[in-house]
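A single chain, nothing else alongside it, follows as structure tokens in the form predicted alone.
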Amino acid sequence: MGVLRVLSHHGDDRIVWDRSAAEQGDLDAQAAIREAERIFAEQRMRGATAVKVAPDRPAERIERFDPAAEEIVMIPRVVGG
């Protein structure tokens, strides 16, 4: 299972997918991956930073969506002033 978390001032939204089911041809699982990839690209275009996290491993900044990731966190650009 993978999850894309998009942080915002409302909390965080989650998109969950099952990579194994998608590889076996499950259309809903494939659609969930496509939706997560679409949201990832949209957030990156808005300036968000993407970080792949996994237990017992340091967080890794990523530039491309990774459907094999356990968890990806999208951190929005912070505007100061």
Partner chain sequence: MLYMANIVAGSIITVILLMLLLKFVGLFADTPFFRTRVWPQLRLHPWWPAPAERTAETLLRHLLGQEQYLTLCMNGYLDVPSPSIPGRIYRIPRGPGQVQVIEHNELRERLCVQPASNGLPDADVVLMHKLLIESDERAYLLTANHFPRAIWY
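This is a predicted model, so every value here is computed, not measured. Residue numbers count along the first chain shown, from 1.
Omitted from view is the form predicted in complex with its partner chain, to which the following refers.
| query | For the spot marked by 7, 10 and 71, is every residue within 4.5 Å of its partner chain in the predicted complex through some heavy atom? | reply | Yes: each residue has a heavy atom within 4.5 Å of the partner.
| query | If you check in the predicted complex, is residue 31 within 4.5 Å of its partner chain, heavy atoms only? | reply | It does not: once its partner chain is placed as it appears in the predicted complex, residue 31 has no heavy atom within 4.5 Å of it.
| If you check in the predicted complex, is residue 66 within 4.5 Å of its partner chain, heavy atoms only? | The answer is no: residue 66 has no heavy atom within 4.5 Å of its partner chain.
| message | Given that its partner chain is not shown alongside this chain, does residue 39 nevertheless sit within 4.5 Å of it in the predicted complex, heavy atom to heavy atom? | response | Taking the distances in the predicted complex, the answer for residue 39 is no, it never comes within 4.5 Å of its partner chain.
| request: State yes or no: in the predicted complex, is some non-hydrogen atom of residue 43 no more than 4.5 angstroms from a non-hydrogen atom of its partner chain? | output: No - in the predicted complex, heavy atoms of residue 43 and its partner chain never come within 4.5 Å of each other.
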